Ligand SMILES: Nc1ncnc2c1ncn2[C@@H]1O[C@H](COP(=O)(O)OP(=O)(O)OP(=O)(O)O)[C@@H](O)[C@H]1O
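One chain comes next, on its own, written out as structure tokens in the form predicted alone.
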Amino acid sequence: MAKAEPTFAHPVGLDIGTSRIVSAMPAESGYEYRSQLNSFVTLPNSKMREAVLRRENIPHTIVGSDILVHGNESERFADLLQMETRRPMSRGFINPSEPESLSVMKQIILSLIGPAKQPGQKACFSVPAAPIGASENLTYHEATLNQIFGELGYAPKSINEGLAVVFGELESSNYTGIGISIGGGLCNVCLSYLAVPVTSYSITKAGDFVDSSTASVTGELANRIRLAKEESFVLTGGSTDKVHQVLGVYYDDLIKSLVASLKQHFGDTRSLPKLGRAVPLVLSGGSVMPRGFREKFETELKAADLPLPISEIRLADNPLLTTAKGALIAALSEM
């Protein structure tokens, strides 16, 4: 009897974000995406509670006398119990002060892509650009993720988060342009020329900065601030809602800080290529989704007179999925 041919295992792409982890896989009609919040809550363990969670198919892990509910369901429990979720990552990197970081992230990744279908299946995952003076965080972060994917049977490879945005959105310009990802922990920026990353960096003002700052002023939980931001906040001013007013203040601060960093970084970078033409800029990440973000960013950027000419400023087609898509494209390009 002839041996059956081994099943081909397609590569996977992952956006490993502070706020959520997103996976992308090839599908008949394009790409298939899955997403889970990168967070968890701790509940006291009991046989009854464990049985109920299992019947409801709620992802959880037993750790001693605790039940760790992780992923999307953690937010619902946190809201019900009037508590903040715990986060395996902080400011873009694995949180070394959170003892359950690695085990929770491994379980979330496993829930999204499962173990490798065959030894050496490719997994391309995003890593942030190091903020100035913090390269040691990136070294530990990347090495630890390589270990997690290796334990699941994958052949892992990392990609800069801003470059993944370029791969996911700028095929029409031959992957030349600026990719910006504003997530929970960091704002990542990458200038790419013909798919080659020319320069990249990150700043620590991003979604979590907006949420925690607004929470400290209003007295609300950061979890609820994030929900309000995602569900109803519009970045055009004029709201009488206090939470929305304060959100507007800190979004202004975030955008001004990002634009100032672009002007300084590209003005100081002497190795910028002589492109001979303006380049597109694409915005992605969960923190760019409030209505009015692109317009306000464009107004600030034009006033700053960036030394690099920009042909267009646009939002990614789906800001929450762009980085995972770009990581998958990078993995598929090496088949």
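For every residue, the number given is its place in the sequence shown, counted from 1. The structure presented is a predicted model; accordingly, all values stated were derived computationally and were not measured.
As for the form predicted in complex with the named molecule, it is not shown, yet the points below apply to it.
- The three marked residues, 183, 207 and 230, each reach the named molecule in the predicted complex, with a heavy atom inside 4.5 Å.
- Shown alone here, residue 39 lies farther than 4.5 Å from the named molecule in the predicted complex, counting heavy atoms only.
- Under a 4.5 angstroms non-hydrogen atom cutoff, the named molecule in the predicted complex lacks residue 59 among its neighbouring residues.
- Although the partner is absent here, residue 316 sits far enough away that none of its heavy atoms falls within 4.5 Å of the named molecule in the predicted complex.
- When contacts are judged by a 4.5 Å heavy atom cut-off, residue 224 does not count as touching the named molecule in the predicted complex.
- Screening 103 to 111, 117 to 125, 171 to 179, 185 to 193 for residues having heavy atoms within 4.5 Å of the named molecule in the predicted complex returns a single hit, 185 to 193.
- Residues of 22 to 54 are not found to place any heavy atom within 4.5 Å of the named molecule in the predicted complex.
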